[in-house]
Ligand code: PRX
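First, one chain by itself in structure tokens, the form predicted alone.
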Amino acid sequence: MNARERYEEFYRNAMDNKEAFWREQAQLIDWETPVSQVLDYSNPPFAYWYPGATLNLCYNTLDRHLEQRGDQNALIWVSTEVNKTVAFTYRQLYEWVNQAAAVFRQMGVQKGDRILIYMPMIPQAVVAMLACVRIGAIHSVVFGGFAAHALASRIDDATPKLIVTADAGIRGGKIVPYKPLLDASFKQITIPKPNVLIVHRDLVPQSPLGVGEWDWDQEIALNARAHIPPVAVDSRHPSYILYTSGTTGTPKGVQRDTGGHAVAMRASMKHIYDLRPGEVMFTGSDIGWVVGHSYIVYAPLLTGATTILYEGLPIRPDPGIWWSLVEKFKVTIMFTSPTAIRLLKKNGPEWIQDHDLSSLRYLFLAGEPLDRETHRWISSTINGQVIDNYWQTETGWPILTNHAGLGLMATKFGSPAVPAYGFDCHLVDERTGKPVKDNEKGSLMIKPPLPPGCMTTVWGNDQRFLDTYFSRFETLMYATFDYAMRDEEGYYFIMGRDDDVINVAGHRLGTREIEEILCTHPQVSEAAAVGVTDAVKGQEIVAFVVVSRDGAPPEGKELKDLISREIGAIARPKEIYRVAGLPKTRSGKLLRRSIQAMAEGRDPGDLPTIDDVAVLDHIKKAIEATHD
């Protein structure tokens, strides 16, 4: 049986024998009350996995590994910002988590209460997450450095009993004071100020503690011998809330359950990522995003692996830093974003190839569409298997992927391959909801019930869950809000958001199609296409490109001709601007609407999640220079 046949059999079993399949996957987890019923789908589209079974997520990540893996490294913290590397064994991490859980209990946190974690990439953030779920509390990690207004909206929605924060973070050598941002958010919230537990990092002068504020190190020291028994919760009990922004309205609190989440994480390590107990995984993300939750913290620790927590940039102190970590710690599985790889591509392959990558079995990429040229470049550079996978905050694990644990199917550059087991994917016409043919673009939808590990609802707002994700067509289908195309072999190609459409004189053009073509030029490392208002055509296309350091930079006409040649004259951009960088969030998502606003001469608005605010000024100057 070849890899394709193994996948087909495995996928069909997951779809046709859903309950038996997910009962088998549940055996990967330790339960306090065993699984009896696998799925309660009596109230579509709400799917309740393993109702009545109980477990503790922290027990499954730490306690159950102590006998066999107590002296194995669980967490390795590497900070190129403060030049520190510290390793924690499973036993050390277990003891620290128990101490933190005791502190949380002393501050009145009980099962079902929320703890908001507003932290940089430091070990205390992981400890706080695990201590939360140990006592049955629900964590809501907010990306460190969020501005006060964004932070306040999340505090108001989650109503936490406790906030765990640091006094400062550091990125690219620049200190980011967190505590002043938190204090400013308290002036905007509508709920009583929660207690605050503060990690002092010696990056800024230590301020005296205010009312309701406590020092992390002091409180941990007072609980040095603490042992807090793990609290078993129902499988449906929320494990965490993670906020994600939509195109409209306030951020949505994606609510994840406990049992389904644990099963999905552990199963994905086995079947998709092929990470085995005792091996090392390095995920270059932030714990404030879903990739960090799933594949820095929960999935590797549920597996009994070693996970690397990295504080720093992928190109500082030099573009070889990540690959030196692969060599030093014998990393087996690496996971990052296409944005990071494109950044490394600009600096040249020698920074990667100078390191011994013989331990690296697979490199996974996710977070945004992976263009063919970047996929091809990194595959040849590391001389290894590069696997694109597509998923969302809402799903928590891949929707589309090649399954390394089943044996890899053939790679198609630019494609995240095929649906993961459990996801019933459909491509439909965005207006009629009817299926599209092979090689035709459609909106990617998923037929419920969503598999274990996916969001169960929007925190505190079931109706918003229904209205946002399941109200697009008369048939009950989950909307991903992404365009995709499926070829005749069943491989999917993600083409960008289905609300990122440029309408030129009635012709609807996906931004991703244009960007893909621009990136085929050897000197273009990144591209963004947006639609700007035009009195005659409705919209015109404007593109922004980042050029590589090597070779002669392309002229605007050359790139316009490329688009005309590959897509057609209707897609020929009105303007192409050469810029130093594109505005993105820390998780690598392109801030397309902000680019569009600037191209139309509008204010890009408040961007609390932007990675590098300086790129906005570069874009503004490029636009102004063209119009002078």
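Residue numbers run from 1 along the displayed sequence. Treat the numbers as computed from the prediction; the structure is a model and nothing was measured.
What comes next is about the form predicted in complex with this ligand, which is not displayed.
**Q** Among 372-380, 450-458, 289-297, 90-98, which stretch has residues whose heavy atoms lie within 4.5 Å of this ligand in the predicted complex?
**A** After filtering at 4.5 Å, what remains is 289-297.
**Q** Out of G367, G284, G253, G169, which one falls within 4.5 Å of this ligand in the predicted complex, going by heavy atoms?
**A** Selected option: G367.
**Q** Going by heavy atom distances of 4.5 angstroms or less, which of N439, N503, S471, Q463 would be at the interface with this ligand in the predicted complex?
**A** Exactly one listed residue reaches within 4.5 Å, namely N503.
**Q** How about E394: is it within 4.5 Å of this ligand in the predicted complex, going by heavy atoms?
**A** Although this ligand is absent here, E394 would touch it in the predicted complex, with heavy atoms inside 4.5 Å.
**Q** With the partner left out of view, is T244 within 4.5 angstroms of this ligand in the predicted complex by any non-hydrogen atom?
**A** So T244 counts as contacting this ligand.
**Q** Give a yes/no on whether I494 approaches this ligand to within 4.5 Å in the predicted complex, heavy atoms considered.
**A** Within the cut-off, so yes.
**Q** Test of understanding: in the predicted complex, would Y178 fall inside 4.5 Å of this ligand by heavy atoms?
**A** Although this ligand is absent here, Y178 would stay clear of it in the predicted complex, with no heavy atoms inside 4.5 Å.
**Q** Using the arrangement in the predicted complex, list in sequence order the residues of 469-486 with any heavy atom within 4.5 angstroms of this ligand.
**A** Heavy-atom contacts to this ligand in the predicted complex: T480, D482.
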